[in-house]
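Quick setup: one chain, the form predicted on its own, written in structure tokens, and binding and motion questions come after.
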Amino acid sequence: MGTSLIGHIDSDCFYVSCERIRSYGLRGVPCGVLGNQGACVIAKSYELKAYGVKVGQPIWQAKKLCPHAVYVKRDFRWYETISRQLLNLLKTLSPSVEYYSVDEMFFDASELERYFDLPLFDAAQMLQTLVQDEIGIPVSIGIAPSRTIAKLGSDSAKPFGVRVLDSDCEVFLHSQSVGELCGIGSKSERKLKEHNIRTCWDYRKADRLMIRDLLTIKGEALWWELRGEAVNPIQTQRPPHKAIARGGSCGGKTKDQDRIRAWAVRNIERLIEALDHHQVYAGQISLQIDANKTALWLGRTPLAAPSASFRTFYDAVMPMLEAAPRTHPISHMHIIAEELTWRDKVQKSLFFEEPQSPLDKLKREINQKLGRFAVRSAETLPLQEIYHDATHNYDICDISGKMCF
């Protein structure tokens, strides 16, 4: 949907801010949120950042840097609750809102002045105050003719700032490194620097065709966006998934085959649950094994027919797991459903097999009624420590509808 003004609202230290809503004692003190089964810091307050603690840092290192900080376990169900409150609030004052991620949203800002009956900058500050009062979290806001400039604006205004920019924002773009652009990774940044493109203004002034040669059509889209041309519109509905994956950390490095199989089965069960939610079947299953955040092995198994059956997935994954190298301890695993088919569009053949068994359906019904993982495979028994802690039962990928992670 086209609009002349795009807003970007970004929550400040979102996970910590959510924890501070329900725990008043966390306000004003160094605070970190732990993930990866409590092994590392996945979010930090500005007070903790001041001690040099970084996201992804092991907890033992963080405690050395700031022994008196408070560390809490992540709770994605709670964060989703707050995130959807913010989404619903924005929808009351904007014609269209994009649920970009759990803590970031784009919105059509063209009605903001009329809604608050104030000039644009003052209206954005009123929105900021409204979010703080109604939901309880601090946010930063950027408003610009394109989403790329709006996001640069909010990022540069943190914490708890507002920045309104027009398409002639030369001084601002001079101050922003190309590495700050969403979509420019370290590899792309190196390519650009080889052509003496170091700031967003350099990027904007560069030859369009050269940018396209270097960074494909996505890089060219950024070039237009930096000129204030909104070529990446607000998307109010997430496009259908091309693939769905479930997995993540294996709770530390391991070569224990029982634990590795247990993680594989848990991820199969999570994957089937996701396919049920999106009402699709998979035509191919892939297994990726990682060691120290580096892809170690990838296998693929085409399925005879579209499926969301535990037995079918199990029979596809386990031979791949056996074929994977065992020389390195693995740290992460992902099981990926590909070649997705809508369930109401499956064509039945002469040898058609039901994509889910009565046991699959019974298991789903019981878990929907009694709680996630109330019924699960006995092969996941080696992961008792995971099932004893309810914070592990819901991950950020289980929050549906957002555009990205």
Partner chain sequence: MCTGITVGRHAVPEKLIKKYNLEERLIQRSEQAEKEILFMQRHRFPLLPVFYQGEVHIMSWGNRDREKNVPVAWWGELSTLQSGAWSHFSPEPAEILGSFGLERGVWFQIPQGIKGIVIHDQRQRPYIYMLLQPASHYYEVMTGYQREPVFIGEQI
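This one's a predicted model, so the numbers in the text were calculated from it and none came from an experiment. Numbering follows the first chain given and starts at 1.
Just so you know, the form predicted together with its partner chain exists too; it's not on screen, but the next bit is about it.
Chemist: Which single stretch, out of 337-345, 373-381, 353-361, 37-45, brings residue heavy atoms within 4.5 Å of its partner chain in the model of the complex?
Modeler: After filtering at 4.5 Å, what remains is 37-45.
Chemist: Check for me: heavy atom within 4.5 Å of its partner chain in the model of the complex, for each of D122, K158 and T236, yes or no.
Modeler: No residue of the spot touches its partner chain in the model of the complex.
Chemist: So in the model of the complex, does K369 come within 4.5 Å of its partner chain, heavy atom to heavy atom?
Modeler: The answer is no: K369 has no heavy atom within 4.5 Å of its partner chain.
Chemist: Taking heavy atoms and a 4.5 Å cut-off, does Y71 contact its partner chain in the model of the complex?
Modeler: Contact with its partner chain, yes.
Chemist: For V29, is any heavy atom within 4.5 Å of its partner chain in the model of the complex, or not?
Modeler: Yes, contact at 4.5 Å.
Chemist: Looking in the model of the complex, any heavy atom of K49 within 4.5 Å of its partner chain?
Modeler: No.
Chemist: Relative to its partner chain in the model of the complex, which residues of 149-185 have a heavy atom no more than 4.5 Å away?
Modeler: Read in sequence order, no residue approaches its partner chain (within 4.5 Å, in the model of the complex).
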